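Next up: just one chain, as structure tokens, the form predicted on its own.
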């Protein structure tokens, strides 16, 4: 790929898609407010079954945030004037009268809880297919030990997608943590399935320095074999399949690699507003399962790395906001995956837009 110029377009959201709204552990009997694709939503769990509920976070009466209200059993009571809603968003009680207006209801959003994540569907509810939620099965697999968190980044969500699909920035932004010179120096292989909305970017390093992230968690000394295989499922789920082993240790003929250490890095990229994105992150490992020092170290170091990205992307967005209309940016080989993701996100957003009505046929 030769150098190309261009600029990121205005924020466009793919609405008929599943997005991570929260970790399952975040939703309980306390009301949780999140804004997703510019839509304020309140989440809670039912009293007996424990199912996650997602309702529009605005009372139909005076638009007061329902997340500032309270639960009464499985109904949600507005904290301003007492309008009360059931789990479907239907208003079942209003103050001072027995008759509930027929139009008194708020939107209810389809929800799927899977792999320790709670997903919400923002588009046409009739199009919501629970089987279409991408999997991150290791997050709920007892064979893996997982740490994670969530940070809010003040930027266009596509800047975070760019960041995750081009790991060459690890060498410069995350040096001394996860980055080494070999990450930026090693060419990538990119595979794109436009129809499935997936992008895969691979970087295989046969002789690389071992960064502190792996040296301290695995005990490996010296140089390593390091594989990074990215799998991005637009618009929300990012999986980085990471494998390291002492230099010279190769996979078995059947493809297995019992002498390697495996880490699954998971990100959920959920747009909140045009200039804010929820950055859900997890680190899962298949080694040192019971070592609490390793658990704490991986959590703390990865949180530091995430915050380096947060600071960089906040700064980048502020910089882009000062650019004149029609500014140009340069793209090179390392941007192949990110550019493919932009194309896919643009297509998915366009598919969710309302179609113009057909013009009436001319009178004959």
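Everything quoted here is computed from the prediction, not taken from an experiment. Residue numbers count along the first chain shown, from 1.
A second form of this protein, the form predicted in complex with another copy of the chain, is not displayed here; the remarks below concern that form.
- At the 4.5 Å threshold, heavy atoms of residue 232 stay clear of another copy of the chain in the predicted bound form, well away from it.
- By the criterion of a heavy atom within 4.5 Å, residue 312 is counted among the residues contacting another copy of the chain in the predicted bound form.
- Heavy atoms of residue 162 reach within 4.5 Å of another copy of the chain in the predicted bound form, making it an interface residue.
- Not displayed here, another copy of the chain is approached by residue 323 to within 4.5 Å at the level of heavy atoms in the predicted bound form.
- Of the listed positions (130, 149, 101, 212), a single one reaches within 4.5 angstroms of another copy of the chain by any non-hydrogen atom in the predicted bound form, namely 101.
- Residue-level contacts in the predicted bound form: of 114, 218, 168, 180, one residue has a heavy atom within 4.5 Å of another copy of the chain, and it is 168.
- Per the 4.5 Å heavy atom criterion, another copy of the chain in the predicted bound form is contacted by stretch 182-190, the sole one of 182-190, 121-129, 288-296, 106-114.
- Residues from 83-102 that approach another copy of the chain in the predicted bound form with a non-hydrogen atom closer than or equal to 4.5 Å are 83, 94, 95, 96, 97, 99, 101, in the order they occur in the chain.
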